[in-house]
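So this first bit is one chain, no partners, the form predicted alone, shown in structure tokens.
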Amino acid sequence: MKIRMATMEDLEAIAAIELRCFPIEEAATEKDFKERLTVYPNYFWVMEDKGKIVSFVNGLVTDESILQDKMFEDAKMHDENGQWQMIFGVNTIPEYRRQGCAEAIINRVIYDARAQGRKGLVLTCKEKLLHYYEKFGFKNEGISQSTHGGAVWYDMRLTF
């Protein structure tokens, strides 16, 4: 398995994976991903197995310390010199889950953010995944103000 940065050629595969991993009301669209890949391609990691994308993580960089719903739709909120790496989604196709794919790609994102001098990473997750992100050092900051997709989210932060 290989982790690399996504390219525009990956757009269709990424959009299809997103729809397999998130309910339609929470999933980003192909248009959203196209904008993200245009504005901040260096913050869009994919994992491949024999040329097939099986997992990905993406998110902008900002000085904002809280992940806000508007960030999902407005890639222009990205600030190359921002202090916080936001994570919008951790996607792994079902047949590759529980094999360490998400763990490997999250560790790469953490490594890259630390190497870039960021203060840390921020994400939101559902209650059932709190323990998963805590194993990477993320701290639960409580129920998020996010109403993305109509779900209840928790703010999680990893500070270096």
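Quick note: we count residues from 1 along the sequence shown, nothing fancier. Quick caveat, the model's predicted, so the values are computed rather than measured.
Form predicted in complex with a small molecule: not shown, discussed below.
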**Request:** Evaluate residue 97 for contact with the small molecule in the model of the complex, applying a 4.5 angstroms cut-off between non-hydrogen atoms, and reply yes or no.
**Result:** yes
**is_contact(residue 86, the small molecule) in the model of the complex, heavy atom dist at most 4.5 Å** = no
**Prompt:** Heavy atom to heavy atom, is residue 37 within 4.5 Å of the small molecule in the model of the complex?
**Reply:** no
**Prompt:** Hey, in the model of the complex, is residue 124 touching the small molecule, heavy atoms inside 4.5 Å?
**Reply:** yes
**Asked** For the chain shown here without its partner, which stretch in 113 to 121, 27 to 35, 99 to 107, 65 to 73 has non-hydrogen atoms within 4.5 angstroms of the small molecule in the model of the complex?
**Response** 99 to 107
